[in-house]
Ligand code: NDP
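Here you get one chain, nothing else, as structure tokens; it is the form predicted on its own.
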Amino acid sequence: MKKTALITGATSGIGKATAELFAKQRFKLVLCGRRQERLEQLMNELGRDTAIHILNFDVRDREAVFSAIESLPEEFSQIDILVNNAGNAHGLDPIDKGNPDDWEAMLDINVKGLLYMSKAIIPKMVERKSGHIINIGSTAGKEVYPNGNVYCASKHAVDAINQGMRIDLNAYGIRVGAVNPGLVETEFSDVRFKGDTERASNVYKGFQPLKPEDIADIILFVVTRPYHVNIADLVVMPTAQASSTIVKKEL
């Protein structure tokens, strides 16, 4: 029987690469995102390989999350794998100059959105006493870097939630783990710097960053381990990166 995986933030970056790789492995897919056109394009492209269902909503909207999950047709209603990938960064400012709107966006998506999605999916996993949850964190959840303040706080929260989930769901045989990437070349910096493409591109100059496909490979590895194996917490960085502030660049 094919497993069904639900991926949030599926329209770009790590989420899209994971959807593409999972489709090749014939997972049934529920792909979630805010951009309907991109979701439809993904369904058209990946539907040749597997069954796809798309859900267009914002994880920050609690009612929309629960409504979307309740609307799943029966053939997609049993979610075996939840990939909590949706997340963002807004701004890179010292705490005294930070924009509260940016803070709310990061906390709403990175923390509350992850919680809403998990709350919508977990009860049926508990009923079946099976399931696998992958929370996409960040090296920013393991350390704090200058001007990262609230973004780092949101990813530290993901780290704590991941650990708490694993403890609370242990009795039901549900596997829980986190993948925490360092520098991955995606739309992440474009969003953080609000469309300043030159500033965003400079983040990845002078070294070889990770690609979304690298993280997708890791996620696939994690979810295809034998049932008795749970990869609880994995940190991955490009070879050039030693920490959030130490990156070997050839300029």
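Everything numeric here is computed off the predicted structure, so don't read it as measured data. Numbers for residues come from their place in the sequence shown, where the first is 1.
What comes next is about the form predicted together with the ligand, which does not appear here.
Contact annotation: of the candidates 130, 78, 147, 88, the single residue with a non-hydrogen atom within 4.5 angstroms of the ligand in the predicted bound form is 88.
Screening 183, 52, 218, 69 for any heavy atom within 4.5 Å of the ligand in the predicted bound form leaves a single hit, 183. Contact between residue 138 and the ligand in the predicted bound form is found at the 4.5 Å heavy atom cutoff. None of the heavy atoms of residue 27 is located within 4.5 Å of the ligand in the predicted bound form. Contact between residue 106 and the ligand in the predicted bound form is not found at the 4.5 Å heavy atom cutoff. Within 4.5 Å of any heavy atom of the ligand in the predicted bound form lies no heavy atom of residue 31. With the ligand omitted here, the record of contacts in the predicted bound form names 151 to 159 of 166 to 174, 121 to 129, 151 to 159, 94 to 102, defined by a heavy atom within 4.5 Å.
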